[in-house]
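Just the one chain here, laid out as structure tokens, in the form predicted on its own.
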């Protein structure tokens, strides 16, 4: 009786082992077939991550306006000089010659005034002239207002707010004006022994100031004269 029970237990255990082997074999055959080099369970190689796309909300790249290609280039001191020599008009355009020898036109408010009121223009870190020479002439340096057309023409030393002070534009003669003598600075030194303006201006800034884009080239339609007539091709 005891032998019969042992035989039964051994038979059940053997059947269980055979069942496990058959099940594992069937799973392997289903995944790899008869190959002995199955690699379906191998670790996947590292994949290159998908690059992050630029959000659609990013601002569109800025493009230069077509009119920017018609700009002239001139030294800051020479541009102010051309305006002064033209009689310092407020609204009418004035002409000047740019570094390429082209005839150009500019205006006070678009081209000249920024040289007095904008920062970082004469050199990196430069303050606008109007930060010291502002509209409150009683407290402004030299009692002078360089923030407006009227203030520039009114001149300096207006301690009590006088409508007219000392002329800084030389009566229209640029090279004799106080403004020219303060702005023209070879090697960072003025010709009159006073600090070059704008205040703190380094010697690396050219004597005539930085080159800037200003005005526009005068076309034949804007200027005088006409284009030369083409030479006719002789008939053979």
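Computed from a predicted model, the values in this text were never measured in an experiment. Residue numbers count along the first chain shown, from 1.
FYI, the form predicted together with ligand HEC isn't displayed, but the following is about it.
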Using a 4.5 Å heavy atom cut-off, which residue among 131, 73, 148, 103 comes into contact with ligand HEC in the model of the complex? 131
Check whether residue 127 has any heavy atom within 4.5 Å of a heavy atom of ligand HEC in the model of the complex, and answer yes or no. yes
Just checking whether residue 199 would be counted as a contact of ligand HEC in the model of the complex - the rule being heavy atoms within 4.5 angstroms. yes
My question is simply whether residue 185 lines the interface with ligand HEC in the model of the complex - judged by any non-hydrogen atom within 4.5 Å. no
With the partner left out of view, is residue 110 within 4.5 angstroms of ligand HEC in the model of the complex by any non-hydrogen atom? no
For the stretch 148 to 185, I need every residue with any heavy atom inside 4.5 Å of ligand HEC in the model of the complex, listed N to C. 156, 157, 168, 178, 179, 182, 183
